[in-house]
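In structure tokens, the next block holds one chain alone, the form predicted alone.
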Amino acid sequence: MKRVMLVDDSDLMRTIQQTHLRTLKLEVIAEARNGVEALDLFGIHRPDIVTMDITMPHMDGLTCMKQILAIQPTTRIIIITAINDPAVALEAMDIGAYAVIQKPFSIARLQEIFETLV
């Protein structure tokens, strides 16, 4: 079973993701509200997959993603963001994101991405 960490400053977004990921039989092992918390929890739990918002307090998602991939390059990071800028999506992919999903996202899109991972 793949282990997932959710990183988003919105409690609602984390809850929505968790609800949908349960239907895919994925284990959500940690949740973080910002990049600093995410790095701490990543060090403890070492998830296989991370969903990551970009705009968050204390440390943005792109900076956090770089640090996570420096620690464990095999981690699959899925960016889930409200930023609708192709340049930001390209930057995320260049850093090493597995996929970029726009908010609001459809359940079908989330399932499609996760099914390719499991």
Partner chain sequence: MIETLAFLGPENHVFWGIFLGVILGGWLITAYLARRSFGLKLGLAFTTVSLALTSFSVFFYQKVTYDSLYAATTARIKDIGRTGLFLFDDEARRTILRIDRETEERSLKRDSTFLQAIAPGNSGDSLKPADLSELQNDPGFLHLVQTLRKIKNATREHVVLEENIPQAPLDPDDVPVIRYANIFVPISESPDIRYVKWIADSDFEELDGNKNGKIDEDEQSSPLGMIYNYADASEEIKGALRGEVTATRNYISDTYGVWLSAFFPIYYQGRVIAVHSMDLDARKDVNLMRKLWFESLGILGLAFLISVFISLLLSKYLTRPIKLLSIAANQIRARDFSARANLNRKDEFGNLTAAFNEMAMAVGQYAQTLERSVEERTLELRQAKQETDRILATVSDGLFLLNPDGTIRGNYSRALETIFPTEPIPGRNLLNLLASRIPDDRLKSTETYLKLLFDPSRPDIVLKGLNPLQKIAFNGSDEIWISAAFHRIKNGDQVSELLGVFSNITESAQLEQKLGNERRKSEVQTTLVLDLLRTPRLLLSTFLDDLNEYSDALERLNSDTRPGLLRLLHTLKGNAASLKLEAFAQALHHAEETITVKPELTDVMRQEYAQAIMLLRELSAESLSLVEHIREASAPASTEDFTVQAIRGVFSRRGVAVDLDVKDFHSNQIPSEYQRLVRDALVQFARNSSVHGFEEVSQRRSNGKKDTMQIRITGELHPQKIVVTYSDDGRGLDLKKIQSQAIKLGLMDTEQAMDQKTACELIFSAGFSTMELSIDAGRGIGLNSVRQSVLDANGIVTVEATQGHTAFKIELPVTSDRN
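Being a predicted model, the structure only gives us computed values, none of them experimental. Numbering follows the first chain given and starts at 1.
Below: the form predicted in complex with its partner chain, not depicted.
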| task | Check whether L26 has any heavy atom within 4.5 Å of a heavy atom of its partner chain in the model of the complex, and answer yes or no. | result | no
| query | Is M59 close to its partner chain in the model of the complex, meaning a heavy atom pair under 4.5 Å apart or at it? | reply | no
| request: Would you please decide whether A89 lies within 4.5 angstroms of its partner chain in the model of the complex, comparing each non-hydrogen atom pair? | output: yes
| said: So, A99 and its partner chain: in the model of the complex, are they within 4.5 Å at any heavy atom pair? | reply: yes
| query | Only one of A82, M93, V36, I71 has a non-hydrogen atom within 4.5 angstroms of its partner chain in the model of the complex; which is it? | reply | M93
| remark: Looking in the model of the complex, the residues of 98 to 118 with a heavy atom no more than 4.5 Å from its partner chain, listed in order, are Y98, A99, R109, E112, I113, T116
